[in-house]
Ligand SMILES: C[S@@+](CC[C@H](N)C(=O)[O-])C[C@H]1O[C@@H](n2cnc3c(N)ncnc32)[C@H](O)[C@@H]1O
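Okay, here we've got a single chain as structure tokens, the form predicted on its own, with questions on binding and movement later.
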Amino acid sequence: MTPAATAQPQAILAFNQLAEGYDELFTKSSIGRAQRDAVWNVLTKTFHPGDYILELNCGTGEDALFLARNSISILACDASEQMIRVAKERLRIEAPNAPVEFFQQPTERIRDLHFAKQFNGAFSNFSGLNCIADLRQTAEDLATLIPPGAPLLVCLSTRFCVSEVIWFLLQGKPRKAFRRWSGRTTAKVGEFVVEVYYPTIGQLRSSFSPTFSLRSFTGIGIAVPPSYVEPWMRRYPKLLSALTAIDKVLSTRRGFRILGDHMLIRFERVNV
């Protein structure tokens, strides 16, 4: 059985296809930068120099390289062979001595990572876990890799994204406007169809229990819209700056933090 055998085959093919242009499409976009900066603000408060961290769904390595610049060691995994190839090339060019190892491994098989020493924490950024049907199994696998008291940060797409609803309703596309609300949909990525899941906070709390306790969560992209609005948003940089400032105010407010494009949840590994 290959390492990627239990992951969504269509998802792997889709991200293989996206890999070469992903940084131009999202990482370097103004919206992508605004949302990622908000996540990085929490990462640097959670993980510390000298830590050894597991990253799931690492993509092209942007977060791993950032943490390495902060003296944090990373084992960064992704199911996509091409994403890992791009990440390794970035590592070679940008930071050849950084304490980062990129490894092709889908989240569904992280239980096989026992060759590595125990991690001080783990995280997954920007919707990688939205492609996982069984998060309870993911939580059980992670619990074998990080010790009690260690943090786990996961950034997922929300079920109710206000800016998405407004954007698509203005375009006369109600089906797209409410596509997340059922908790499950399919996304067309190039020629591939990917199953996407949108768990609520309550469902996440249940899925990660009893080995992880939900400690806090932050809204990401409440006023800042999803990345597909980038072609329009890049014409209005001052508006994006204003929306980013609004996000900083609303990101931890009850009632607002579940309404963004993403939510960043902090769990803690607990004894059971």
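All residue numbers are counted from 1 along the displayed sequence. Please read all numbers here as calculations on a predicted model, not as lab measurements.
Below, we refer to the form predicted together with this ligand, which is not included among the displayed structures.
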This ligand isn't shown here, but in the predicted bound form, which of 163-171, 75-83, 181-189, 198-206 has heavy atoms within 4.5 Å of it? 75-83
So in the predicted bound form, does residue 119 come within 4.5 Å of this ligand, heavy atom to heavy atom? no
Is there a heavy atom of residue 158 lying 4.5 Å or less from a heavy atom of this ligand in the predicted bound form? no
Residue 132, heavy atom within 4.5 angstroms of this ligand in the predicted bound form: yes
Taking this ligand as it sits in the predicted bound form, is residue 58 in contact with it (heavy atom to heavy atom, 4.5 Å or less)? yes
Across 125-155, the residues having a non-hydrogen atom within 4.5 Å of this ligand in the predicted bound form turn out to be 125, 126, 128, 131, 132
